[in-house]
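Have a look below at one chain only, the form predicted on its own, in structure tokens format.
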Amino acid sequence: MASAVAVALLLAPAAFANFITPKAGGSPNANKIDSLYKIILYIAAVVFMIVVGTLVYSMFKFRAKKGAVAAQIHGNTRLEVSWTVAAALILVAITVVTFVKLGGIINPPNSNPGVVLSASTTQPTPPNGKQVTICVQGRQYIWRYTYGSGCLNNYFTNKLPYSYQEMEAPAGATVVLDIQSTDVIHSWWVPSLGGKVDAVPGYTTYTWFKALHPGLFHGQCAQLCGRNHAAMTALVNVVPPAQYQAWLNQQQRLITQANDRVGALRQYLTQSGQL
């Protein structure tokens, strides 16, 4: 039964999906992280097999025998130089590959044509300086998202749209995230869209993604932040650009309507002497 279960798991692609390697497919930086991870994993696997294979071979080849006297070997300069040079070459190869991939992980590309964007000096920025800016604010135990340039400082004055728990984002657009925390350290992480970034009180950190297709991407706070840390999930709902713009307009209308109702209530309470 155990053997049958093991074979079934090995033959089921979905069972080991992203079990050993990172998630990818949602954004170019996530794909770069995934490919870099796999390259290093494959190199490490080859080294592991060589070392373990040599060890197992030596255990059987040179195992104790009756009447045999072990040779006393005090060193092998050629062997020692060989494995030192081989290790150095492997490190050089990993370093070169890492720096080749690093640019695509850190530096965001331009958005696809046809996406409505605004220029911003927020870092990181695409080559043409145009992006969708979304501020991510971590608090125990939920994420708040504010949309638009100026979302760090002027979101209240400008009455910018916002949402909790689920972020809306346009497909094909370079989305730059300005990340903050109001209480303790949190960590923003949606694996399919890129690497994790800490949200540190008193500081602003940044990351980016460019969703390659519409879909719902799941994430999780990756920094232990309190007793309800496990409940601090994150969702990114990627939609076509037109649908994203329509959603922003709807949120703006709802904010305006709520403000109008509050204004009318304040005026009534003032006129009636209750305020």
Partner chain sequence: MAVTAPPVRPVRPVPQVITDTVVKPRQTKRWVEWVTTTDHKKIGIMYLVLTFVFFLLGGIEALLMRVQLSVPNSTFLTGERYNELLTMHGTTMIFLFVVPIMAGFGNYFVPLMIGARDMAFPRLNAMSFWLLLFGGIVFYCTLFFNPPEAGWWSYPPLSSIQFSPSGGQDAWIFLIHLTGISSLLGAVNFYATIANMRAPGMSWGRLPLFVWAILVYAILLIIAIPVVAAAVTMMLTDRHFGTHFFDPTAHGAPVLWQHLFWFFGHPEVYIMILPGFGMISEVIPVFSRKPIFGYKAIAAATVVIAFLATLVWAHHMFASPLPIVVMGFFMLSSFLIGVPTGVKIFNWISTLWRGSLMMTTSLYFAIGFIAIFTIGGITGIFLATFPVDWQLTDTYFVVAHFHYVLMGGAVFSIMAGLYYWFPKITGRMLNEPLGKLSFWVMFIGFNMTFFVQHALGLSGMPRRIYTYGPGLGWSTYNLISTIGSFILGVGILLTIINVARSLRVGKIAGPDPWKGNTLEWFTPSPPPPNNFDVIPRVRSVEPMRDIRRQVERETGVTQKTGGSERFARV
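Numbering follows the first chain given and starts at 1. Whichever C-alpha set is largest while still superposing within 1.5 Å between the two forms counts as the rigid core. What you see is a predicted model, and the numbers here were worked out from it, not measured in a lab.
Separately, the form predicted together with its partner chain exists; it is not shown, and the next lines address it.
- Note on the interface: of 165 to 173, 145 to 153, 128 to 136, 75 to 83, the segment with non-hydrogen atoms within 4.5 angstroms of its partner chain in the predicted complex is 75 to 83.
- Although the partner is absent here, A70 sits close enough that one of its heavy atoms falls within 4.5 Å of its partner chain in the predicted complex.
- In the predicted complex, no heavy atom of Q251 sits within 4.5 Å of its partner chain.
- Using a 4.5 angstroms limit between non-hydrogen atoms, Q243 is distant from its partner chain in the predicted complex.
- For V197, a non-hydrogen atom is located within 4.5 Å of its partner chain in the predicted complex, even though that partner is not displayed.
- Residues are counted as partner-facing when one of their heavy atoms sits within 4.5 Å of its partner chain in the predicted complex; in 88 to 112 these are A88, L91, I94, T95, T98, F99, L102, I105, I106, in sequence order.
- In a rigid-core overlay of the protein, F62 has its C-alpha displaced by at least 2 Å between the shown form and the other one.
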